[in-house]
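Just the one chain here, the form predicted on its own, laid out as structure tokens.
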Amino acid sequence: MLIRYLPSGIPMVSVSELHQRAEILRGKTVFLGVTALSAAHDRLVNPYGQNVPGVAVHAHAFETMARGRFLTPARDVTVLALCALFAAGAGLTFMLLSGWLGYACGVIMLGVAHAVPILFFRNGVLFPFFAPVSVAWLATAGAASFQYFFVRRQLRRSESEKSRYQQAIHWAAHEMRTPLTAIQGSSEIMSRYAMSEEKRHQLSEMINSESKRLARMIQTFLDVERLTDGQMELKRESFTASEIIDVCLKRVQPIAERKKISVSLGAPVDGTLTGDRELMEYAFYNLLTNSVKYSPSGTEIRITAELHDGDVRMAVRDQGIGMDAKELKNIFKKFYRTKRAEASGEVGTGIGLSIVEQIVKHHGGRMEVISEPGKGSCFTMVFKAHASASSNAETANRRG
């Protein structure tokens, strides 16, 4: 039986005072008993923390039965709903509030969780203490921890983005200064001095060339940002790998000849690719120009294309400065240049390979790199091959 103890207790009258207080007993149910006068622990402690002698316990039990006001256990649905409310409250608190305000609200909620069982008990309902308190503590600690680590992650991301944009601005300021200086100097010479038509034509060509170079730098900068943010839309067109290789080979041949570097092509493979042809040409041409840039005179660059297990593998192998294992892990990071590349004296921005990797990934491919210091590198673009229209037609004819 769940006895409902009265907070005020049961009135008690000593036998020695009975003749003086007889009136308060009239019409009442009276329990007679002897209470111990010693300090022995022979008394019960009620939920209010009061010491209750045995005779008073019987009186409380009688009062509970006479009034029909028994303590009732809280329903499981109520307990579950309140626990869910505490969990949701902790999550919303640290989702909407931060800093000392969030932690203050969390402490208030923990206080409420401790007070809820007491409030229910005062209204005759036995509410379990462990369930709401444990849920409130766990939910608050979990939400606070998540917010802490989430804020730290956001801070690191913000610092990383800030660093990236600082590098981008530094690159723009450094790399664009050269063509701008050439354009400005040439235009001032043309405006200040009288010169022959041939000299004026040379300066005009220099201005045109440096303007195009500046435009390419700006476009490269925009491409890397758009690819990083996923804002560049790729075209979906079919073309063969040999077409990309032929176009890029013709463009890089004059550059290689000036350094007396031979560029050879293995047997072409008629593998068909689907995607943005211009971007694919840019990626493969970037690999070729890098090989020419970082290869010494008199060496050879070999281009191969293979169709293997349904993949088209387009590779550029050189005999250049090469890289070690540590450098290979970072070569696709924006603005990263190896120490050997910087020591070579070749001008570079460190974003070309980053764009190449982004282009390859956006086409569902991957990059493979093999390199050894002093012995050269091999960059391979790997894509899924798609059946060409001619091969589809042949297949249909054979089935027919």
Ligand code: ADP
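When you see a residue number, it is the position in the sequence shown, counting from 1. Bear in mind that the values here come from a model prediction, so they are computed numbers and not experimental data.
The same protein also exists as the form predicted in complex with the ligand; that form is not shown, yet it is the one meant from here on.
Checked against the ligand in the predicted bound form, the candidates Pro132, Gly322, Gly275, Gly271 yield a single residue with a heavy atom inside 4.5 Å, and that residue is Gly322.
Heavy atoms within 4.5 Å of the ligand in the predicted bound form are found in one stretch of 333-341, 50-58, 65-73, 22-30, which is 333-341. Heavy atoms of Met367 never reach within 4.5 Å of the ligand in the predicted bound form, leaving it off the interface. When contacts are judged by a 4.5 Å heavy atom cut-off, Ser291 counts as touching the ligand in the predicted bound form. In the predicted bound form, at least one heavy atom of Ile351 sits within 4.5 Å of a heavy atom of the ligand. In the predicted bound form, the ligand lies farther than 4.5 Å from every heavy atom of Ser186.
Applying a 4.5 Å heavy atom cutoff to the ligand in the predicted bound form picks out no residue from 108-123.
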